[in-house]
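This document starts with one chain, in the form predicted alone, laid out as structure tokens.
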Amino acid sequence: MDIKSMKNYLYWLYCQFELITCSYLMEPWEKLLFYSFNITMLVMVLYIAYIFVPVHITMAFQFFLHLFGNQHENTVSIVK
């Protein structure tokens, strides 16, 4: 795929995005606010996923390990 066809494809995707969101009907200042809000929301969702998803996966993993009988070393009592 050459550069010109990639550029045309990206422009086509942008036109599809404008059609789906009806942003082609907006004035330039409205587009700026609309795109700024959407980009801000996307960045916030990605940041929250980056911060909280690994913690939740770790907690779920530890829960299932405990559920199936694998205990942490510090909770196992040592009898001599």
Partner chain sequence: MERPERAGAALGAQPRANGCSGAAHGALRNGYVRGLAAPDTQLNHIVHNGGLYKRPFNEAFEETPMLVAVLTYVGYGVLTLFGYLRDFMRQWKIEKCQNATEREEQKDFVPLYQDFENFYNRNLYMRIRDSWNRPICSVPGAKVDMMERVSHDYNWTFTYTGRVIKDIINMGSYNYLGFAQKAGTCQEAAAKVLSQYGAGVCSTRQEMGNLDKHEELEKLVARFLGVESAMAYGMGFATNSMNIPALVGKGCLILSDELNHASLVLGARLSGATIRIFKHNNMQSLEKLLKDAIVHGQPRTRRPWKKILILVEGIYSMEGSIVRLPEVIALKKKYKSYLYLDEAHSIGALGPSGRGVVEYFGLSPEDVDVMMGTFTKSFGAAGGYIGGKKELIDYLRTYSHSAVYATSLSPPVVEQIITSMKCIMGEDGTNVARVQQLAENTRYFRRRLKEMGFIIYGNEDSPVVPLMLYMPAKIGAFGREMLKRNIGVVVVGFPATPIIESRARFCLSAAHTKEMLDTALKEINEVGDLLQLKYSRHRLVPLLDRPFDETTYEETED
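Positions refer to the first chain, counted from 1. Computed from a predicted structure; not experimentally measured. Between two forms, the rigid core is defined as the largest C-alpha subset superposing within 1.5 Å.
We do not show the form predicted in complex with its partner chain, though everything after this point is about it.
- For residue 33, a non-hydrogen atom is located within 4.5 Å of its partner chain in the model of the complex, even though that partner is not displayed.
- Though the partner is left out of this view, residue 24 does reach within 4.5 Å of its partner chain in the model of the complex, counting heavy atoms only.
- At a distance threshold of 4.5 angstroms between non-hydrogen atoms, residue 52 is out of contact with its partner chain in the model of the complex.
- Its partner chain is not drawn, but in the model of the complex it has a heavy atom within 4.5 Å of residue 16.
- Among the residues 67, 20, 60, 10, the one placing a heavy atom within 4.5 Å of its partner chain in the model of the complex is 20.
- Contacts with its partner chain in the model of the complex, taken as any heavy atom within 4.5 Å, map to no residue of 46 to 65.
- With the core held fixed, the Cα of residue 9 is displaced between the shown form and the other one by 2 Å or more.
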